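Let us start with two forms of the same protein chain, each given on its own as structure tokens and named structure 1 and structure 2.
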Structure 1
Amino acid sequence: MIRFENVSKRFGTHQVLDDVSLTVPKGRILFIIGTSGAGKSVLVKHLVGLIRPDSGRIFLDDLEVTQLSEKALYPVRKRCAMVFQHSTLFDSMTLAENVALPLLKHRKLDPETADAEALRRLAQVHMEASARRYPADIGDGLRKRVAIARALTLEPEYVIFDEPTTGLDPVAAANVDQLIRSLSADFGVTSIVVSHDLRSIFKVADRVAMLYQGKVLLDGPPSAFRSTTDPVVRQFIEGRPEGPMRFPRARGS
């Protein structure tokens, strides 16, 4: 189970998260939605210690990760993988080396075994033919596939997907949706998905939480999200430029 308890975070004068509390039961999929700059990515990065909260607590099962040292976070990061918004493959490494890195560092495998495992993982996302190429040699969509392979290579119990379908063609996006669903259904993986993709939300999510002005505006099943009468949520679902929604200021402005 993942639990955020009264988490607040401020950057300069901008209050990004204001007393946010959310719970994701084991094996379930929570979609976090909201306008750009609403603090969705900031919230999920707290879970793996990439950002520390100003106040509040974060739990992974019964383990409080809020103030763990960088070293104490290593086992947490082994259990909880993250697929970043920009793929974040390392330019100086081949695709196979990128996927093998967590195996080398977390599991201390020897390079040959890690490479063989990386090739197997790449084959699962149909990228084995490009294993010896560099990230700069392939397109955004393919990079995202490799990033997903790298995140799943340690068989994590928890996965954070930060806008996993952005930049993907519809078929590739549907594959990612299917993968997220299958991780939950077949392997009991708990997932948090940051997304704007309403099609994915209604197809994959067990719960949906909407962040607005640093707070949780809505937290419930997709059906509640679909039938809500809240004018801000309705404006978001319907994608209307006019409405009550106020957009966040750029950071530092």
Structure 2
Amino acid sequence: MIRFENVSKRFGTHQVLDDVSLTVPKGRILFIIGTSGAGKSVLVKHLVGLIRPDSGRIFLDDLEVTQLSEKALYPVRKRCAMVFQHSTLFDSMTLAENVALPLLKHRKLDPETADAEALRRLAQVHMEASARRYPADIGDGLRKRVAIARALTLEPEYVIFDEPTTGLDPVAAANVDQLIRSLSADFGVTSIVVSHDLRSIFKVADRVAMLYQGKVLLDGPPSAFRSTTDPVVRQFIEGRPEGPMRFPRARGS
């Protein structure tokens, strides 16, 4: 279980997060939504110590990670994988070599064993047939799958996806959605997904939390967002330019 308790974060004079509390039960998928600059990515980066809160606490199961040293955060980061918006694969390495890299670096496997494990992970995301190809040879959606395979090599309990379907065509985005869903259903992975993609939100999420002006405006199942009468939430999910929503500054998306 992941718990954010009364987390606040300010950059200069801009209050990005203001007393935010959220809980993510084990094996579930939480989508964090909101406009650009609402603090979605800032919030999840607190979990692995990339950003420290000004106040509040963050728990991974019963471990408070808020004030851990860099050394103490190492096992936390092994339990929590991050899949960034851009796949960050190395162009000079094959897909299998990209996936094997954490196995060589962190698990100290020999090259033959690491390659076999990389192929197994690529098979989990239906990419084993392309294992010897290079990132430039495949599309964005397939590269995203490879990035997910690489994230799985250290067998994380938690995966954080930062805008996983941004820039993908509808078919590629649907494939990534299906993969996120299967990680929860087949492997019990707990996922936090930062996203603007309304189709993904209503198709994949177990729960959704919307950040607005630094606070959690609504936190509940997708059905709560379909039925809400809150004018800000309705403007966001209907994609209307007119309405009461005030847009934050771009920093802290």
Partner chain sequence: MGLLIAFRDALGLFFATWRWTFRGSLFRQRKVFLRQLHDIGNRSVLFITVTLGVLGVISVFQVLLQVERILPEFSVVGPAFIQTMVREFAPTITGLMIATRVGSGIAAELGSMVVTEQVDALRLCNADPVDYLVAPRFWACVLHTVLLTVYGGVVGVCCGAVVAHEVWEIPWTSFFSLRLVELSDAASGLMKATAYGMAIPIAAAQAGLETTGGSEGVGIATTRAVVNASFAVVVLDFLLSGLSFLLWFQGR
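Counting starts at 1 with the first residue of structure 1 and goes up one by one along its sequence. No experiment lies behind these values; they were computed from the predicted model shown. For clarity, a rigid core is taken as the largest C-alpha set superposing within 1.5 Å between two forms.
Annotation: structure 1 represents the form predicted in complex with the partner chain, while structure 2 represents the other form. Hinge residue for the rigid-body motion between the two structures, chosen from S227, P231, E155, G139: E155. C-alpha superpositions between the two structures give a turn of 20 degrees for the smaller rigid part relative to the larger. Once the core is aligned between the two structures, the alpha carbon position of A131 differs by 6.0 Å; this is the C-alpha shift at that site.
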